[in-house]
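Presented below, as structure tokens, is a lone chain in the form predicted on its own.
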Amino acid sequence: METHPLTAREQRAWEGYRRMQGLLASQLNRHLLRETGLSEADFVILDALLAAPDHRLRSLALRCEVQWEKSRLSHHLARMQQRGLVAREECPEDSRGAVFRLTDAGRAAVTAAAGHRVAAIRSYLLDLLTPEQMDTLGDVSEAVLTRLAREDPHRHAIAELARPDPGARSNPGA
């Protein structure tokens, strides 16, 4: 494959995105931890369980939902179990599988954290954008996610993330 170096414009766009993504994720995580005691990782898992039928997901479905590696999810869920945010149950359809359930404490934590998370997302990103920039950000995200889904069809969930239904979740932190 023949490649060409990035132009100055392309380099500016890439480096800006890379730096922004890393710093924004770190800032959102710090804000959520300070205000609620939940990490962004905790929130993502709790939010996925909150949106699931009966607030339960098999570990494989949860892994697909949050797009994490198996070992990362396993270790994080173990820590969340110790804190009483999730409970592990045996899978009735498959004795080798596990189902994770949102506990009452987990539901309370994610519900309490949702407003803080939305406020941080608005403060650190959305309030800085014009409506046109917000539309462009949505278009760029959709294009990249669609391409990634095409490159790896086993990660079909990526394509679904590219076309979110704003009314799909009742949780304002989704």
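Note that residue numbering begins at 1 and tracks the sequence as displayed. Since the model is a prediction, treat every value here as computed from it, not as a measurement.
Just so you know, the form predicted in complex with the DNA exists too; it's not on screen, but the next bit is about it.
The closest non-hydrogen atom of Ala87 lies beyond 4.5 Å of the DNA in the model of the complex.
Though the partner is left out of this view, Arg101 does not reach within 4.5 Å of the DNA in the model of the complex, counting heavy atoms only.
The DNA is not shown here, but in the model of the complex it comes within 4.5 Å of a heavy atom of Lys70.
Although the partner is absent here, Ser26 sits close enough that one of its heavy atoms falls within 4.5 Å of the DNA in the model of the complex.
Stretch 51-59 is the answer when you ask which of 122-130, 102-110, 143-151, 51-59 has residues with heavy atoms within 4.5 Å of the DNA in the model of the complex.
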